[in-house]
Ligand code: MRU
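Below sits a lone chain in structure tokens, taken as the form predicted alone.
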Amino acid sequence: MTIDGHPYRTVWLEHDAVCLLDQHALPFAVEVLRLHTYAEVAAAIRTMRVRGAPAIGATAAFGLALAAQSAPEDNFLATVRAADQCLRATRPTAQDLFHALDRVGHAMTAATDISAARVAAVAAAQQFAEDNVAACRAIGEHGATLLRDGMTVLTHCNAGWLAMVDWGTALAPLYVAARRGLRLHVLVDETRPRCQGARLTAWELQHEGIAAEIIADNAAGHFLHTGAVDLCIVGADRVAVNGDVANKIGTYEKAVVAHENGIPFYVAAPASTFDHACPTGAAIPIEERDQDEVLAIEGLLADGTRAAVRIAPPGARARNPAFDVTPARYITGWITAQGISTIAPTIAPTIKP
């Protein structure tokens, strides 16, 4: 995708560094982080300088490949295993993280010697990233068939290109449709507590020239009930075998209200987000993050200084689950790289053209 006419991806690998757009800096500045060790990569994932399940997966894959390049020959396996364990421990919910690390690990295991393992690690990580780009573009093509000129779409969190390697999942259909000339309007949930909708989704849509308005999370029910929304599309961090979906906290309530009001609710996700070992959403681990994310909010002060401002009373405590699970019964369909499925595509891939 482009920023002021310049092409970017969310994350990429240079010969000695994993490079990524620092999502702490957005939307106020575009800054590139260059990470030279797997520990730095793990820290970037854990602190959400990169976020979004496929982007996390690609970053972790590049981090493991980076570890393989620098691991000493006399301690190669131990170093790579330590890197793998460190990266796996960063975020427990997003399936792409584990899928990506498995792919790089399997590629190294199949290599005949250490030199070949280093090459295989880079190739596998690059292929994971390229597969994500291709899948997201295909998701965009299929999902665009759901859209009509003048539609208003509700989205939650950020499932655009900043959450993937490129194109996005939930936003990819909008980008494809807009580039075909459709006029669309997007209601962007702010997505507390980290405000990925207000900060990232709104910023992406501005750069693509798509009309958008940010709404408070609590306003979504009003717009769904009053007929202001034609369609909901969200992304996913993990999809269980039965079609249950873990996504950013607040997704479940949007799905329930959309279902109650007869508004179609779609989930867009690449194959790497589907967990064939997870039978239902009840088995998905839900990450709980630091309570300070709820007790304070970060933004730009009048003088241009970025700061975190406490919004809760001194001594107040908070709960901060990062995700919730939406049961499959509330989902109209799953938009995948293969097409649009109206039943859980992990167990019954009935795809419409």
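A residue's number is simply how far along the shown sequence it sits, counting from 1. These numbers were taken from a predicted model, which means no experiment stands behind them.
Below, we turn to the form predicted in complex with the ligand, even though it does not appear here.
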*asked:* Against the ligand in the model of the complex, would Tyr38 count as a contact residue? Criterion: heavy atoms within 4.5 Å.
replied: no
_Non-hydrogen atom contact Ala65 with the ligand in the model of the complex at 4.5 angstroms_ = no
*How about Ser272: is it within 4.5 Å of the ligand in the model of the complex, going by heavy atoms?*
no
*Contact between Val325 and the ligand in the model of the complex at 4.5 Å, heavy atoms?*
no
*asked:* Please tell me which of Lys254, His99, Arg91, His142 lies within 4.5 Å of the ligand in the model of the complex, judged by heavy atoms.
replied: Arg91
*Which among 236 to 244, 76 to 84, 215 to 223, 121 to 129 is in contact with the ligand in the model of the complex, heavy atoms within 4.5 angstroms?*
236 to 244
*Going through 163 to 192 from first to last, which residues have a non-hydrogen atom within 4.5 Å of the ligand in the model of the complex?*
Ala163, Met164, Thr169
